[in-house]
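Only one chain comes next, encoded as structure tokens, the form predicted alone.
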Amino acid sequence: MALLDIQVPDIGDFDSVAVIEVMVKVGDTVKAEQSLITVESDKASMEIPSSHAGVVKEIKVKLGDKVSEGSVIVALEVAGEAASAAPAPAPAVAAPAPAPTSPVASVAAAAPAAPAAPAVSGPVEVRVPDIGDFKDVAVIEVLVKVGDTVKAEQSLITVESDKASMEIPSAAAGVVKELRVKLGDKVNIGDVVLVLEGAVGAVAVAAVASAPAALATPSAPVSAPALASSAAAPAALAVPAHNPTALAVGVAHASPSVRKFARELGVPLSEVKGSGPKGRITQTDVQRFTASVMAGAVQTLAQAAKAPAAGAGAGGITGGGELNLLPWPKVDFAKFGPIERKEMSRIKKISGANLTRNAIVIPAVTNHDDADITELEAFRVLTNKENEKSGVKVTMLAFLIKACVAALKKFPEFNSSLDGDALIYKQYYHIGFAADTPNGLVVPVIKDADKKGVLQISQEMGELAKKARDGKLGPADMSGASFTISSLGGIGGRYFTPIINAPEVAILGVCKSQIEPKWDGKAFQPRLMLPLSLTWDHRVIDGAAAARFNAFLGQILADFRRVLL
């Protein structure tokens, strides 16, 4: 027996790629060509195999290390003859390349004998991929229009079954020449979604036939839904082991391309059981999980939180941390009188699951207070009169956003988020505001509110609120908030307890202002008082900090000149 250093082979013309996974440990017996580590450049990830068989005596790299050609990975105890064998072969993926845009392209790119797929200049039809054994799912959202330039894996439409909804990504990049679907249409696997011009990344199925079968293994990274003709389609409804009430532990074991694929479909990787080596999650696992959810065979954690499973035991939390709730009551309401059944809107379905999770998981406390806005309201009215010709109407909420930014700067823990045992303090001030729409509540976000004046904030709020009412808010319009304000405005009410919008750690609720008598030391004076309800996460914020935040906010609203200090 002899010790042999296993080195990184020639993996292309680049240096210092990061080790993102160590796949063996000291004492393991490995075979020749067995993967030892996974490395990742800014273009691709690849597994580095062993050039010899033997027993791992020492591991020379760790997660996060940078390696190059010739770097020693492990010290391997090998047989005497094997030690003098030929040098290590190149890994299966010899050089980093842009992530493939479909499972077919993935295989074709990995095949050494297959030529690279050329760009397709003519029209290319993009079809509904294999997303499970069901028919006639409704198109509830069209995310692109004719003339748009789309990237590979960019979402094109959203479809919804009676169990769940999902976005359908593009298998190629190009310019939208023709849309073949519209809102309300029913689509099935293989139906044409749109036609692309100048498409790049669309690959003929014939390319797969020439690829070696060994390359079509579950561990091969892929980055787009399988085509409708995929051979894996008959097994699409194989249900992976899944427990929607189990708390996830650690990080999901999957390649970057599979992670990207899962993000495109909205699949929680922590809930998917991997079928690859050492439990690695493959693209096929993600597809099967998606098909199972769409068919109602399994539930995600979000779905389980919204609809507790029947048959659960007595209320409480088990020793393992799972919710153990009483089953939801099933009642035949029609036997008591006339009823009408209306399906909930998509917005309410999605927000309901998030609100349930946030209300249960976050130890929330609410402080109630009042702010004197008498002078500020007079200034607001005067400002609107002076700017009447501009068409921009300043609301009290615009002043509130600026006041909250000042308070967040003074109390930065309110502008943070939990990340395990650490806090992420954000150096930006993106303020979300709840907007009521016919389909439910949405939260548009004013980005960089600290860099904008009240007039600009008012204008952006008006534009975002109109988009919300018209149902045209995009994901970018509703993402990135570091703090949220929920205002009931002129509707009424005194105080309420808003639910924190995770991963934020606080939210401000505001109700209708009203005139109240306040003692000035000599007499009672009529003052306009604004009710404030600050809900905060007790894991991050304590009661004293919350009281100071509310008091400081009230001082700013009472004398807005403090914003300048």
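The model shown is predicted, which means the values in this text are computed figures rather than measured ones. When you see a residue number, it is the position in the sequence shown, counting from 1.
Beyond what is shown, the protein has a form predicted in complex with ligand CAO; the following relates to that form.
With the site C-alphas superposed, ligand CAO from its pose in the predicted bound form keeps every atom more than 2.4 Å from the backbone and C-beta atoms of the shown form; the site is open. The partner is absent here, but in the predicted bound form a heavy atom of 380, alone among 380, 402, 280, 288, sits within 4.5 Å of ligand CAO.
A heavy atom within 4.5 Å of ligand CAO in the predicted bound form is found for one listed residue only; from 299, 415, 487, 284, this is 487. Across the options 489-497, 343-351, 135-143, 449-457, residues that bring heavy atoms within 4.5 Å of ligand CAO in the predicted bound form belong to 489-497. Contact with ligand CAO in the predicted bound form holds for none of 151, 179 and 196, as no heavy atom of theirs lies within 4.5 Å. Using a 4.5 angstroms threshold between heavy atoms, residue 436 counts as touching ligand CAO in the predicted bound form.
None of the heavy atoms of residue 410 is located within 4.5 Å of ligand CAO in the predicted bound form. In the predicted bound form, ligand CAO lies farther than 4.5 Å from every heavy atom of residue 265. Within 4.5 Å of some heavy atom of ligand CAO in the predicted bound form lies at least one heavy atom of residue 397. Contacts with ligand CAO in the predicted bound form, taken as any heavy atom within 4.5 Å, map within 512-545 to 512, 513, 530.
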